[in-house]
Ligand SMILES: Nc1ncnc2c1ncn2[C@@H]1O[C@H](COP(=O)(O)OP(=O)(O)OP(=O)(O)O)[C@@H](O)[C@H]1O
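One chain comes next, on its own, written as structure tokens: the form predicted on its own.
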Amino acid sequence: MTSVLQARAVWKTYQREDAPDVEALRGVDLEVAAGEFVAVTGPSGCGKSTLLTVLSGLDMPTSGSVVIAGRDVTSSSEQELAELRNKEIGFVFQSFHLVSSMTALENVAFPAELAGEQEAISRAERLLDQVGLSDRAHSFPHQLSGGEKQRVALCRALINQAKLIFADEPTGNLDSHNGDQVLELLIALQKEQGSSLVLVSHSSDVVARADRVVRMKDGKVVAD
């Protein structure tokens, strides 16, 4: 299968003035195929979230390489990274990260508008309809429940038909009912668009849904 992401010998070291350096990632190798759902799991502090930020280009590795859709993230300029993140990558965070001054519809449409998409609003409306939020399109984030906010975040992550979706504990702030609902929607939309999904979670129920499970410990991949 075609790979959409390749990480080779990725290290991430955080330097501290008055304490030993922290090696958050220690020589991680990871490859993700097109359309694949990969769950990353492991104990707290093992490097899961750090891996996601480095793989997505939100942070740079200390050494090693990350290639997304044929482009080397580690040697790209900030402008190239911004373009890559907007066009090829979608993000779903535990704490939603919606813009408080924008409606649900505006939050979803925003990445497409940045990309110059003429049909941004109509595409956003269709996505909100797919996740059952047509009637909440003109509500602001403070007027939405946690489950509704996360469904808006899913739509925003998917509006540019990203090749690769990163999700960091996307159900972590939700009760079990809303968490199950959001996970079902995320997987359904990911499969529909043919995107790859890399999802960090400690939930065994979430992990059980993945095509593949990567287990981490002490900054290393210990099982794949």
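Predicted model only: the values in this text are computed from it and were never measured. Just count from 1 along the sequence shown to find any residue number.
Omitted here: the form predicted in complex with the named molecule. The next part is about that form.
- At the 4.5 Å threshold, heavy atoms of V22 reach the named molecule in the predicted bound form.
- A residue is said to contact a partner when one of its heavy atoms sits within 4.5 Å of a partner heavy atom; K48 meets this definition for the named molecule in the predicted bound form.
- By the criterion of a heavy atom within 4.5 Å, R16 is counted among the residues contacting the named molecule in the predicted bound form.
- Under a 4.5 angstroms non-hydrogen atom cutoff, the named molecule in the predicted bound form lacks R209 among its neighbouring residues.
- Using a 4.5 Å heavy atom cutoff, none of E36, K163 and G194 lies near the named molecule in the predicted bound form.
- Contact annotation: the named molecule lies within 4.5 Å of heavy atoms from the stretch 22-30 in the predicted bound form, the single such stretch among 65-73, 152-160, 22-30, 171-179.
- Along 130-156, a non-hydrogen atom within 4.5 Å of the named molecule in the predicted bound form is carried by no residue at all.
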